[in-house]
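One chain comes next, on its own, written as structure tokens: the form predicted on its own.
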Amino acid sequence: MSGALGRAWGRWVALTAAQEPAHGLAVVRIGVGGLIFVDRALLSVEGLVAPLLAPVGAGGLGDPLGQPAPPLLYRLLPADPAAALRLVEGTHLLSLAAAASLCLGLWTRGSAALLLVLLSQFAAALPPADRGVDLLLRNVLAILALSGAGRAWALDAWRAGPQLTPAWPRRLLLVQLGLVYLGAAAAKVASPWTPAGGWAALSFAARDPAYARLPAALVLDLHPLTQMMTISTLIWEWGALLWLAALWARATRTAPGRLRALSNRLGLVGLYLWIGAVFHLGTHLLLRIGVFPFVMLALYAAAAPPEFWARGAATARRALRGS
């Protein structure tokens, strides 16, 4: 291979073969595993395991066995409703154990893979209850299962210590993050997201009883603010195009180019995520949308250079030894 194609292939090989400290992936693993554990544990606390995960006849709202291709888990359930419910509840507890194991970094890859399989089976029990964040988490679990996320800050690394790991899983998580924002922006085509609808989308959402945290009267009083938030949300989500370009500029910082140098000098990757953190925390205060904001913030950890986390860990160890 020669010429421009050969050079492009060489850059791609260098990008995917790069090695780095595993600390960045470890932070994502801890955050994602912990959030999945909390989110799934709430199903038990709120008595939703049977309605959302069990089949019809065993207390569930869904009919997974009535689907053209029933999920394997539900095909294996016994015919007795009580026994079927016990097995579903036991499998739910197994998913909690896998989430805890992932968070702790114990059998990291196996825990991520098992959790991915279990959550995929549960998602098919009642498809209307499968949230966007659930799909995102399954994508992240697939990447973690193929990564070296257990090579730092994990029980798996207790004896061996932190090790280098391929950089591509962390970078792929960042691409996934950008695609989430672009997909969300592309889906906002209803009139309340436009001048024709008065930029009223967030005002409507904040007054929806299913999501509202604030009294409807207060939201109406804050209508100009929610209009500004609606416009800002659209601008920021479409800004993910610029952010993905900034990521590439950072990954290829040694290459020539004025725009690449300007992006790196301005720190556009970090600036975009700081704005995103404010956006997600503000959305959490305005709307009840579960773990979604915190899952996104957990993925933000992948954007920090892995050396940042490694240096932080070394600084913390020195501080503890000196105290």
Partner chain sequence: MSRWAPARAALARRWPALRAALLLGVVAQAALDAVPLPRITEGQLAEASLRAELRAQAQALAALRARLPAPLAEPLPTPAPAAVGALLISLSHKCNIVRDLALAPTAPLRRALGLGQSWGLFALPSPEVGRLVVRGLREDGVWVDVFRAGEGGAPALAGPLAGRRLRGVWDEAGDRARPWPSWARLVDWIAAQAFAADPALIEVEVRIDRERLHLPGGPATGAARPLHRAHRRRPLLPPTGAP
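Because the structure is a prediction, the values reported are computed rather than measured. Positions refer to the first chain, counted from 1.
Note that the form predicted together with its partner chain isn't included here; everything after this is about it.
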> Does Leu135 reach its partner chain in the predicted bound form if we count a contact as any heavy atom within 4.5 Å?
Replying inline: yes
> Is Tyr272 close enough to touch its partner chain in the predicted bound form, meaning at least one heavy atom pair within 4.5 Å?
Replying inline: no
> At the 4.5 Å heavy atom threshold, is Gly60 in contact with its partner chain in the predicted bound form?
Replying inline: yes
> Even though its partner chain is not shown here, does Gly90 get within 4.5 Å of it in the predicted bound form, heavy atoms only?
Replying inline: no
> Which of these residues, Val180, Leu247, Leu104, Leu85, gets a heavy atom within 4.5 Å of its partner chain in the predicted bound form?
Replying inline: Val180
> Taking its partner chain in the predicted bound form as the reference, which of Ala157, Met229, Leu73, Leu172 has a non-hydrogen atom within 4.5 Å?
Replying inline: Leu172
> Non-hydrogen atoms within 4.5 angstroms of its partner chain in the predicted bound form: do Leu242, Thr252 and Arg311 all have one?
Replying inline: no
> Any idea which of 147-155, 93-101, 113-121, 73-81 reaches within 4.5 Å of its partner chain in the predicted bound form, heavy atoms considered?
Replying inline: 113-121
> Looking at its partner chain in the predicted bound form, which residues in 236-261 have at least one heavy atom within 4.5 Å of it?
Replying inline: Glu237
